[in-house]
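Only one chain is included here, represented as structure tokens and corresponding to the form predicted on its own.
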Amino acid sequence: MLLRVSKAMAAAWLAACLGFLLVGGAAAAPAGVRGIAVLYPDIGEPYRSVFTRIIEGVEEQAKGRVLSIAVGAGTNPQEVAAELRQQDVRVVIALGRNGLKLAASLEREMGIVAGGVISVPDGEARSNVVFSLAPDPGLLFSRLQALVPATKRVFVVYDPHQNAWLLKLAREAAAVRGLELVAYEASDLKAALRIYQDVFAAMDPRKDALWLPQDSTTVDESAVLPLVLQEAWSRGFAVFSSSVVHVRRGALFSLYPDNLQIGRSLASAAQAQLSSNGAPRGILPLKTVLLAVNVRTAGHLGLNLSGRQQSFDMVFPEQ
């Protein structure tokens, strides 16, 4: 379904991609499904609706209400632990970094399924099931080839401390799709800016595209993003992003979370942990996604999207 968004609606949708890392106070909801609980940030609207939607997905998959505890600055970990023991919770679905931090402080025998984070340290990834907010590179590349079929080569600048795990997946996905992935490592903003200048000089707008991952080092919102978007507009090459916020500012497209489906996936993983089979541990890219496209940018690049906009979930510029 095509969605043209007002500024108010856009703010709520963008919150769906940004709200996972914000926190506030504490509250609990009665439980119906035994064995599973959700820890989520206690914050106001429009962010609260994001977590409400995820919890709806959890409960749909679990087929009943789950114990849901809002985590904020005043949350007492001992009280949370006591509530979980009383409800016989054996797997916690932890949303956001604060939810994961609190979950990690609980009893060692309690399973953790994490969501609403982009990445986690290697130790946490190995010991938990982590659903990242970073869109699956294979899905991004497939969408790129559908929108810009002439693309043969993709450039990306990334911080290996944040995204080495994602680039491993990206290399595999590019090879499967016949794309050449040209990846550069940068551990600080100064190095990233220098590399971007080299990338711009090497790019051929007829066959090359630039990918902006969710990376606080190499995709700085104030220094890197305006530079990249200005260069892309003047030289006519496609920029696609792992962040829907960048589409609003001029990137061609992004994939962003389908929150109801995320909840279902988190619940499925929690149910697997409750079973004797268990669930595979590690960090998983975001696969339950929706598509945002900037039609003004598409027009500037000479892309014909007529007849295809019904397949876009969000369209910019806002109307």
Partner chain sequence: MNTPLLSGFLRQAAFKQQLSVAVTVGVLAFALASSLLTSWQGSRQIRQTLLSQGEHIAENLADQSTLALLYSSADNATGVVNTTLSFPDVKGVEILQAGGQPLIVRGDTMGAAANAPDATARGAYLEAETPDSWRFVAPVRVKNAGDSPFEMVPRQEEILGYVRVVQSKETLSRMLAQIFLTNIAISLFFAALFLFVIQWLSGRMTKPITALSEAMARAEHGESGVRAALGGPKDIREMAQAFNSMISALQEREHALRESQAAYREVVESVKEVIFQTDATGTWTLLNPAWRDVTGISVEAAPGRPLMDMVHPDDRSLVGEWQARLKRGDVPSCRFELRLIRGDRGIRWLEATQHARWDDDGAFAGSSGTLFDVTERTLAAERLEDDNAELESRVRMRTAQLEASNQELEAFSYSVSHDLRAPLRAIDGFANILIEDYAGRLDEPGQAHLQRIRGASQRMSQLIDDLLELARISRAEINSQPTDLSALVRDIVRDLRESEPGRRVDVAVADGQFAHVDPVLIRVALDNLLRNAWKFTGKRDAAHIAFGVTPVAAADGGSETAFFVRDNGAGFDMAYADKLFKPFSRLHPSSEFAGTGVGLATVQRVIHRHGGRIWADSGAEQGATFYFTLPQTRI
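Positions refer to the first chain, counted from 1. None of these values were measured; they are calculated from a predicted model. Whichever C-alpha set is largest while still superposing within 1.5 Å between the two forms counts as the rigid core.
The form predicted together with its partner chain is left out here; the points below concern that form.
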| remark: Note: its partner chain not shown here; in the predicted complex, the stretch from 289 to 297, 47 to 55, 260 to 268, 61 to 69 having heavy atoms within 4.5 Å of it is 47 to 55
| task | Find the only residue in 129, 173, 117, 89 having a heavy atom within 4.5 Å of its partner chain in the predicted complex. | result | 117
| query | From the list 222, 105, 234, 78, which entry has a heavy atom within 4.5 Å of its partner chain in the predicted complex? | reply | 222
| request: Determine whether any heavy atom of residue 96 comes within 4.5 Å of a heavy atom of its partner chain in the predicted complex, and answer yes or no. | output: yes
| said: Considering non-hydrogen atoms and a 4.5 Å limit, does its partner chain approach residue 189 in the predicted complex? | reply: yes
| query | Closest heavy atom of residue 227 to its partner chain in the predicted complex, within 4.5 Å or not? | reply | yes
| message | Test of understanding: in the predicted complex, would residue 133 fall inside 4.5 Å of its partner chain by heavy atoms? | response | yes
| query | Comparing between this form and the one not shown on the rigid core: C-alpha of residue 261 shifted by 2 Å or more? | reply | no
| query | Can we say the CA of residue 293 moves by at least 2 Å between this form and the one not shown when the core is superposed? | reply | no
| field | Large Cα shift (2 Å or above) at residue 67 between this form and the one not shown, core-fitted | value | no
